[in-house]
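Okay, here we've got a single chain as structure tokens, the form predicted on its own, with questions on binding and movement later.
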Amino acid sequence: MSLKAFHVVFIAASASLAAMMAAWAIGNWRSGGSAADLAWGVGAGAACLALVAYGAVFVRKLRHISYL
């Protein structure tokens, strides 16, 4: 596995984990949680969006390099 392929897989895994954390924190806040739960949910959602944007830029920038 090349460094590029590992990087893409790692970004995808990180974005997925951030999305799951955002969903968990927002769900916890909706069921009577504190403002900290809302802040964690919003922060994790923003991190997920930033990771997706970074991944798109990374793939576009290195499209000429093989995944092998």
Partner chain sequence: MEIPYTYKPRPDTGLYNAKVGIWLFLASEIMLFGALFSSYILLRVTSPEGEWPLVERAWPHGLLNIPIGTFNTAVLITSSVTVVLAWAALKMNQFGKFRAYMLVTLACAFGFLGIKSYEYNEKFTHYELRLKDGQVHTGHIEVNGKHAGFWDFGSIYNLDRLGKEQVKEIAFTADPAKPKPGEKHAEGAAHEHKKMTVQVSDIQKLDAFILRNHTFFAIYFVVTALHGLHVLGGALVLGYFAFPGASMWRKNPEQFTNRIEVAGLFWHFVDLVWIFLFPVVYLL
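Residue numbers count along the first chain shown, from 1. In this text the structure is predicted, and so the values were computed from the model without any measurement.
The same protein also exists as the form predicted in complex with the partner chain; that form is not shown, yet it is the one meant from here on.
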**Q.** Exercise: residue 51 in contact with the partner chain in the model of the complex, heavy atom 4.5 Å
**A.** yes
Q) Is residue 13 close enough to touch the partner chain in the model of the complex, meaning at least one heavy atom pair within 4.5 Å? A) yes
Q. So in the model of the complex, does any heavy atom of residue 20 sit within 4.5 Å of the partner chain?
A. yes
Q: Go through 17 to 47 residue by residue and record those having a heavy atom within 4.5 Å of the partner chain in the model of the complex; state none if no residue qualifies.
A: 17, 20, 21, 24, 31, 32, 33, 40
